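To begin, one chain is listed below as structure tokens, in the form predicted alone.
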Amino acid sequence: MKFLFLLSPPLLAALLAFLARPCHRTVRWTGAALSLVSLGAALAFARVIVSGGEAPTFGPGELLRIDGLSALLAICVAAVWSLAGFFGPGMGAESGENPAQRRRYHVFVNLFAFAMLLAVSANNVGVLWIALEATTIFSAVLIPLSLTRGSVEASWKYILLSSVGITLAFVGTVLAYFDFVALSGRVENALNWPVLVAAAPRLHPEVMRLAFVFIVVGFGTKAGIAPMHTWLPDAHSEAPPALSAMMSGVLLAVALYAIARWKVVADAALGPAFSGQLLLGLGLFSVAVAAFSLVIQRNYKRMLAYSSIEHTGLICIGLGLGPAGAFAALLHLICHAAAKSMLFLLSGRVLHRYGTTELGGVSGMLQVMPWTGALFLTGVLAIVGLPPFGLFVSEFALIRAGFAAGRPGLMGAVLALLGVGFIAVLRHANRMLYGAFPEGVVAGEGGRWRLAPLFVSVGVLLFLGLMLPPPIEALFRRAAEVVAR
């Protein structure tokens, strides 16, 4: 029954938006409220895991299964979907979309949420692959919600690169599966994660090594890992803010989830050294590319997108550092989702008021929109890793895990690159928040009540930065145990 409550709300919300003509506000609010049902189901799964229960399964051949890692990601996806639901087109007076655009948005954004929830609850590698491919289709339709040359180009670039990536991931999946079948013959539920992990020590190391490289490059394209990240800044800067919040906050996390799942299989076959070296190298390169790209940014949505690449790199580094690093990486993933989704949602209010995404055209935000500016400042301080926010704790834990693993050179490079990104983001944010605001921009905070859900994000960032109560720590540890055995 919990699986029904987790997966059916986004389908029901999409169906309501599709059938209602026009897609009036009651339907849109109902869709947003349904997201809370999925969030409740995800929390119920987490409660089962924390209490020491077996991972719940559902469907023929245990098609769906929720363990600690799945529960953590399901909470993350459902929470960000809820935030985006209350900030989507047509939910506020400032929305400029026409009825057809609003209907299209609410149909496909709910399908997008369903695909991500299915990906993290799938016990079958084939279903995971299909769900991730579906996320590309559903989100690509929404990037050019407002038809402009830039949004159409960004959407096509996203489709092309993501399709290439997902094809490479498919090749890696097929390689690993056929090696498994060649060694073990026909086995029931052979595509399920527990079966693959149990059989992994018998797989051919050369085949598994090649398969894992294909999988990391393939799903890494979706996760925005450099050098496969080039679609990400364009797509995030052109997409509607609520979609950007979901893409940056949880789509990247879901793609990293797929890599983490396959890392477990690769580690069982090859030992942790191979996957660790690969993830550390790609993670460091991603942080480096993002840090220097942040310096030269002229567009605040692209700045946020490159910041996401930086944090994706940090999560990869954490996954490559063993159990302590995996714990830090998962904490970082959740905190990043809370902070970045908030910032992208706020960017929509900034764009509406200033009419531009150029950094040079935005100044004096704290005077023009005090609440929006204060929340934006809070989000910026969180993503640059300042205390007392959760990202400070996760970065500190990651650096400590790196030194404990005997990698002082790598950690020194990471700290130096984080310093570059820190200075660049604060410099850009300072220009946006302070100074005189441009002529023609009207001061005054409109629709303050709509900001209320974002205080939940701030609360999560502060809460995870100041304390980690035993039940929440237990959930993170159960999730980290899945990734780093």
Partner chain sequence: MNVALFSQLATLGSSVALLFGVVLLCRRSLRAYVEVFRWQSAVLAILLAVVGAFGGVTELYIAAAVFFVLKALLIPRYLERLAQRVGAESESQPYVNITSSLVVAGLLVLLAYAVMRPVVLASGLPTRGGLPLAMGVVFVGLFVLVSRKKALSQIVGFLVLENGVALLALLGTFGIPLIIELGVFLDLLMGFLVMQVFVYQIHGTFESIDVEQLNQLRH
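Keep in mind that what you see is a predicted model, and the values were worked out from it rather than measured. Positions refer to the first chain, counted from 1.
One more form of this protein, predicted together with the partner chain, exists but is not displayed; see below.
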(request) Would you kindly say which of Val195, Val141, Val107, Leu375 lies with a heavy atom within 4.5 Å of the partner chain in the predicted complex? (result) Val141
(request) Identify which of Arg261, His352, Lys157, Arg103 has a heavy atom within 4.5 Å of the partner chain in the predicted complex; exactly one of them does. (result) Lys157
(request) For the three residues Gly126, Ser163 and Leu175, verify that every one has a non-hydrogen atom within 4.5 Å of the partner chain in the predicted complex; reply yes or no. (result) yes
(message) The chain here is shown without the partner chain. Which stretch in 126-134, 264-272, 319-327, 338-346 comes within 4.5 angstroms of it in the predicted complex, by heavy atom distance?
(response) 126-134
(message) Using a 4.5 angstroms cut-off on non-hydrogen atoms, would His204 count as touching the partner chain in the predicted complex?
(response) yes
(message) Taking any heavy atom pair closer than or equal to 4.5 Å as contact, tell me whether Ala397 reaches the partner chain in the predicted complex.
(response) no
(message) Contact with the partner chain in the predicted complex for Tyr306, defined as at least one heavy atom pair within 4.5 Å: yes or no?
(response) yes
(message) So, Thr356 and the partner chain: in the predicted complex, are they within 4.5 Å at any heavy atom pair?
(response) no
(request) Residue by residue through 143-158, tell me which have a non-hydrogen atom within 4.5 angstroms of the partner chain in the predicted complex. (result) Pro144, Leu147, Thr148, Arg149, Gly150, Val152, Glu153, Ala154, Ser155, Trp156, Lys157
